[in-house]
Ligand SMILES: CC(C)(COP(=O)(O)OP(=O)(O)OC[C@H]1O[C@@H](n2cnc3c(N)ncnc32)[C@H](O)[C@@H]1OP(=O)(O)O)[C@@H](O)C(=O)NCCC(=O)NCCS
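Starting off, we have a lone chain in the form predicted on its own, written out as structure tokens.
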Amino acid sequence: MKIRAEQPTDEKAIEEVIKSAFEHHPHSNQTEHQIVNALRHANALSLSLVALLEDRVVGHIAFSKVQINGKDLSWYGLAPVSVLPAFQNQGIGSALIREGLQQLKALNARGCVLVGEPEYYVRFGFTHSDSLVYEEIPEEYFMSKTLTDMAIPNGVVKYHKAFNSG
């Protein structure tokens, strides 16, 4: 498996990966591909990586800046991470997350937030923190991870407006 930055020729394959990955997901309204497209077109897709097997895009992960109390504090949101169903449970999503977090560190990111299943994301160092609030979901599904030795800031997190495009 190879992980690399998204290229313009990957857009259609990425859309298909995202659609397929979330087609039967119980907490999805199947708009994740629209969010990624909206982020891309708004030039707000800070980091977009694909996983390749034999030159086929089988996985994708996106990161975009979030605001905390209306300010850019160099924190990012991980959303979504997607793997074609036939390739799930093979470590591809985990590899994308680990590589994405490493690349965020290289961008001097201070931290990352996500909405997801706590049982899955705890293995990457994500935890729920009462310091950060995302008002639209149950608090246990909103998790964060610092990427520096700085403390987690206090405040309300807002994702890019593209997340409202679905």
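All residue numbers refer to positions in the sequence shown, first residue = 1. Bear in mind that the values here come from a model prediction, so they are computed numbers and not experimental data.
Below, we refer to the form predicted in complex with the ligand, which is not included among the displayed structures.
Checked against the ligand in the predicted complex, the candidates Lys105, His41, Arg56, Arg123 yield a single residue with a heavy atom inside 4.5 Å, and that residue is Arg123. In the predicted complex, at least one heavy atom of His25 sits within 4.5 Å of the ligand.
Contact annotation for Gly77: none of its heavy atoms lies within 4.5 Å of the ligand in the predicted complex. Contact annotation: Leu147 falls outside 4.5 Å of the ligand in the predicted complex, judged by heavy atom distances. For Glu117, a non-hydrogen atom is located within 4.5 Å of the ligand in the predicted complex, even though that partner is not displayed. Heavy atoms within 4.5 Å of the ligand in the predicted complex are found in one stretch of 93-101, 64-72, 129-137, 41-49, which is 93-101. Residue Ala21 is the only one in 2-21 with at least one heavy atom within 4.5 Å of the ligand in the predicted complex.
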